[in-house]
Structures are given as structure tokens and as C-alpha cells.
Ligand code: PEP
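Heads up, the chain below is alone and in the form predicted alone; it's given as C-alpha cells.
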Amino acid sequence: MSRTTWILGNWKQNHRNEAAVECAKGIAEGLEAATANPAQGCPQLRVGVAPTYLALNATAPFARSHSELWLLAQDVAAQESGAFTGEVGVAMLRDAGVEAAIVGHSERRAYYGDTNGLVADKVANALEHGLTVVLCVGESLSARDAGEHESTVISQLSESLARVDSKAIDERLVIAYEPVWAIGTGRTATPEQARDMHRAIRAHLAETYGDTGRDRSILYGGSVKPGNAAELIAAGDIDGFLVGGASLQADSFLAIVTAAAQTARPS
């Protein structure tokens, strides 16, 4: 899978079925216009949404009817089946039309104890059984203030990919960088800070996996909105976004898609 621009909406614990249908319908209907007239040299653009598990079936028809709209899960089990209460395996997700899963999101790490080891198991299981994985990494406020942001993120990345071979990485791996310190703290990551971390991640992947690693798509997930999307993309080395709150309304999400499609990406 070559380097691609991804705009992914993570709905988190929002949108029951009726709201999920309304939002997915609006995105599907507006996607063609939002991706029209891309900037010169714009790479392939992929758009997706990640509803709650219970809204997957309600949302799936819009992904099936629109080949450019991907359906994602917000998480995936570390095992395929068995006595694991509350878990959802890859085959179950694929039955619902899911093509990709978010793994290692900062909220899963912070609130539910998803360690790097558990994330590694989830990543390996999902890739082995055919899902695309959006692997999230990011540093805390204390790590950023201590100047340990790069080492923290690279450690997360390395440990989370410990059980994966380069072939699986080449086919179905996307990275999402979330500056946890800039979410809900009143502090904002600048486009330059985001770009610099993306470059550090890409350098590590290239050093570890060669051209396979260098060509991974790296997304930014730090409070992306229609008003800052174009500036972030233009900073360079940012291959799209993992969008939270702004993805809950079709209009604001499509505005981010438009900004990404129409903004040149310096290498």
C-alpha cells in the first residue's frame, strides 16, 4: 500500500443508530464534491468513519454503496474468538462490513489499560486476519514538557509493532499521531510540531523497515477542525487526519476532506 491521504472520523461513544445513519448518509452524499479538484500531485484519498460497534450495521450500507467510504471499528480484540467477554474479533467485524480498525487510541491506553504489549497483540491479530490497522501513538503533557516526546512515541511505535512482519506492514498499516498533551489541555500543537513528529516517526519506520516503512501514511489526530486542516496538511509530512469531534457532523467532516484534497503537500 503506497503512501495515501486518509481522512478518518472517529465517532467515539457518540451517535446512536438514527444519528449514525444521518451522518453517514450526509458524508456519502457529499463525498464526490468534497474530493473534486484535488491539488496537483495529491496522492490517493481515502475517507472513512468509525462508529460504535452497535452502529456498524446501521452505517455499513453507506460504505457498501459508496466505494470511496471506508467503514472502521474503534478497536479490535487481540484474539479471534473464545471466552473473552465483551471482545469483538476480526471475523465478526468483517461480517459487519468493517475494513479497518483503530488500535491503541490514546483513550484506550489511558482509560482501559491498553499497554504496548496488548496493542501489539491487537495489531498482529488484525493484520494477520486481513484488516487494515490505524495504529495510534502519542505522548503525554509530562513527556512533551520533559523533552521526551520523540523517544516516547518511538518506543510506543516499536513495541506496538513487535509482533508484525514487514509484509503485513507494507500491505495494511497506517500510523496516527495524537499529541495527547494538546487534547483538552488548552494547549495547541503547531503545524510545525506535528510535522516534526511525523518526520521522526517516518525516519524510524524507514530505518527499521526500509522503503516499506518510509511509504507508510502517517495521520495527525490532535483536535483537527475545518479551520486548521489546510494549514496542517501544508506543513508537510502529514498524510491526513484522524478526526474526533469535527467528524460528528457531515458538513464539518466534509470541509476537512475538502481542505485535505485541495491543499498541496510539501515533501
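Numbering starts at 1 and follows the sequence shown. Keep in mind the model is a prediction, meaning the values are calculated, not measured.
From this point on, the text means the form predicted in complex with the named molecule, which you will not see here.
Participant: Taking the named molecule in the model of the complex, would 107, 221 and 242 all count as contacting it (heavy atom within 4.5 Å)?
Facilitator: Yes: 107, 221 and 242 each sit within 4.5 Å of the named molecule in the model of the complex.
Participant: State the residue from 183, 141, 168, 162 whose non-hydrogen atoms include one within 4.5 Å of the named molecule in the model of the complex.
Facilitator: The residue from 183, 141, 168, 162 that makes the contact is 183.
Participant: Does at least one non-hydrogen atom of residue 178 fall within 4.5 angstroms of the named molecule in the model of the complex?
Facilitator: Yes, residue 178 is a contact residue.
Participant: Does residue 10 reach the named molecule in the model of the complex if we count a contact as any heavy atom within 4.5 Å?
Facilitator: Yes, residue 10 sits close enough to the named molecule in the model of the complex that at least one of its heavy atoms falls within 4.5 Å.
Participant: For the chain shown here without its partner, which stretch in 202-210, 53-61, 27-35, 221-229 has non-hydrogen atoms within 4.5 angstroms of the named molecule in the model of the complex?
Facilitator: Heavy atoms within 4.5 Å of the named molecule in the model of the complex occur in 221-229.
Participant: Need the contact residues for 131-170: heavy atom within 4.5 Å of the named molecule in the model of the complex, sequence order, or none if there are none.
Facilitator: Residues within 4.5 Å: none in this stretch.
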